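Take a look at this single chain in structure tokens; it is the form predicted alone.
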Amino acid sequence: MTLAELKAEALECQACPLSKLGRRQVVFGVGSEKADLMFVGEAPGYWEDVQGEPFVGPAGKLLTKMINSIGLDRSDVYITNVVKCRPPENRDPEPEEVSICVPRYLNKQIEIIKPRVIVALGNHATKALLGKSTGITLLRGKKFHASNYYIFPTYHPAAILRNANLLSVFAEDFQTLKEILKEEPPKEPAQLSLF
């Protein structure tokens, strides 16, 4: 299956309750289909639902600035979310919604793109990708080996906008990410393990 075919399927999706709760459109993902670096957020917000592209609001502007700070452009990476439809009132995605959307779309996006590093932005993305209940504060800035790529959790840009004291830590994580991108990708599939 190609990314275009998967996107076409997603645009018609009615599989979970979010499809009937007022979404304007499915927000599938954007960026390079051959990206070494993939960013996964939680869910589309208001502006993403309006424009059909992930991370286009204020949090998206901050994410773009941080991507630029490590010498990359948005077009060099791939950006998506755990769930592809905006939850009502920007509430957190429900476990049922995540359990439907992740295997149906996110896991397939990862399989098709084959990134070397996936950045999990915030608690929901980290929990969905690592299968751990541990919060982002303890996991951020650490590198996990999963299959043939690394998972690197950090704060969601929206959390930085709410708490400017986290900005220096967020910037530090991006510098760590820059170094991880210089490493060889993992060669053998592995159980999730902390490096």
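Counting begins at 1, following the sequence as shown. Nothing here was measured: the structure is a model prediction, and the numbers come from that model.
The discussion below concerns the form predicted in complex with a small molecule, not included here.
**Student:** Heavy atom within 4.5 Å of the small molecule in the predicted bound form: which of 140, 156, 127, 145?
**Tutor:** Going through each option in turn, the one that passes is 156.
**Student:** Tell me which stretch of 64-72, 34-42, 165-173, 132-140 has a heavy atom within 4.5 angstroms of the small molecule in the predicted bound form.
**Tutor:** Stretch with heavy atoms near the partner: 34-42.
**Student:** Decide whether residue 55 counts as a contact residue for the small molecule in the predicted bound form under a heavy atom distance cut-off of 4.5 Å.
**Tutor:** Heavy-atom contact with the small molecule at 4.5 Å: present for residue 55.
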